[in-house]
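Shown here is one chain on its own, the form predicted on its own, set out as structure tokens.
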Amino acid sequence: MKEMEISFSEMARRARQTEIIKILARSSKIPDFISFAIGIPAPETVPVETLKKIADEILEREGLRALQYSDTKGNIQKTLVDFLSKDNIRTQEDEIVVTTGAIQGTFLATLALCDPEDIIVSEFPVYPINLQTFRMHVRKIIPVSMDEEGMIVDELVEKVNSLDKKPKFIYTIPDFQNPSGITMSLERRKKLVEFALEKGIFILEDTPYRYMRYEGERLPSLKELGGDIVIHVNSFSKTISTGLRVGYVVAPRELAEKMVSIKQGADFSTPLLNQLMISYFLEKGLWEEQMERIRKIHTSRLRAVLKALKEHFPEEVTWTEPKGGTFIWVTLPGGTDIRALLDKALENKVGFVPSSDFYLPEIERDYPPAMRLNFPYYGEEKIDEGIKRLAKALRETLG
């Protein structure tokens, strides 16, 4: 039988597999491998026993209902309204869509707002899964650089003002950004919201790390500052359980309704049992205890990674020192072959995500080579060993 020729859609042709997936595939066959690649919290922070008891309670009380379909919009909006109010985000139940993780929130918002000829503005480096979404849905993405205060808003203003067409939205992770770990300053937040309001451009605020602050003062969310101009996306994946895949979007009512319509064709609904587990967890008042557990363990491991980097890496290498989240961005000497370094790292049984994953191919050369490290997963001894292996791989690459 003749092999069938597949003609892919334009959207599919623009999609590309991230380095994270490739690294996981290659490293799965390497014994004693230490991975700083995948972005997950410390396993000790996942409240397994508590969630087990909650699941048992739900099944005892709710029975069959908990194992059936949820409403497409979700069934825990009342709990979420109360939860968000404690972060000064004032919203109503019909402005919230429960999603299957934060990734789906960004996907639904992009699909609801963008045609292929539209424009998205995004900070760079940027989370590669959402970059994938943007690449699939629009042909033009305007990059805006970052510094130690987050997205450079002056650059954003200049680039947007030079466009013939208004962008559909501005994308940013303002809190402990993925991949850099940088948090947008209060001044930048205010300036960004002021510009978006002036121009009538949505801000897509993606903030799954917002509540993972280990030091410093709380900053207002863009949603708090900007109201309906801001589409607020969050998730309980990093703070309670990655596997439950429960997130949410807060958006103007009309947009929320359209996202619900689109979600019907994506997965119909986020599993009800998973939603109820999150809802029960919050209603039982377990959130603060959970945040304290994360702060304690992650702070220790962040210090361990920063100490190891200082001890084992050469002076010409620099890195961010985040006050929360799970990522450190390590900037390498100019001219470092990042792909050769990744190969050497894998030979040394250690993994990271190369900077090439976080940029559009056409702008990658405009930025210095770097690597993203996820710091909380391992204990201190393994962290030190992993950084030693990375340092060895770097020496072998630089020669």
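Sequential numbering from 1, following the sequence displayed. Treat the numbers as computed from the prediction; the structure is a model and nothing was measured.
Here the subject shifts to the form predicted in complex with a further copy of the same chain, a form of this protein not shown in this document.
| task | Can you check 80 to 88, 308 to 316, 147 to 155, 194 to 202 and let me know which stretch has heavy atoms within 4.5 Å of a further copy of the same chain in the model of the complex? | result | Within 4.5 Å of the partner lies stretch 194 to 202.
| Of these, 207, 279, 241, 290, which has a heavy atom no more than 4.5 Å from a further copy of the same chain in the model of the complex? | Of the listed residues, the single hit is 241.
| said: Within 4.5 Å, heavy atoms only, which of 340, 346, 363, 38 is in contact with a further copy of the same chain in the model of the complex? | reply: Exactly one residue meets the criterion: 38.
| Counting only non-hydrogen atoms and a 4.5 angstroms cut-off, does residue 32 reach a further copy of the same chain in the model of the complex? | No, residue 32 is distant from the partner.
| task | Examine residue 381 and determine whether its closest non-hydrogen atom to a further copy of the same chain in the model of the complex is within 4.5 angstroms. | result | No - in the model of the complex, heavy atoms of residue 381 and a further copy of the same chain never come within 4.5 Å of each other.
| said: Whether residue 320 contacts a further copy of the same chain in the model of the complex should be assessed with a 4.5 Å heavy atom distance threshold; does it? | reply: Flag for residue 320 set to no.
| query | Counting only non-hydrogen atoms and a 4.5 angstroms cut-off, does residue 92 reach a further copy of the same chain in the model of the complex? | reply | Close contact is absent here: in the model of the complex, residue 92 is far from a further copy of the same chain, nothing within 4.5 Å, heavy atoms only.
| query | Going through 34 to 60 from first to last, which residues have a non-hydrogen atom within 4.5 Å of a further copy of the same chain in the model of the complex? | reply | Going through 34 to 60 in order - heavy atoms within 4.5 Å of a further copy of the same chain in the model of the complex - the hits are 38, 39, 40, 43, 46, 48, 51, 52, 55, 56, 59, 60.
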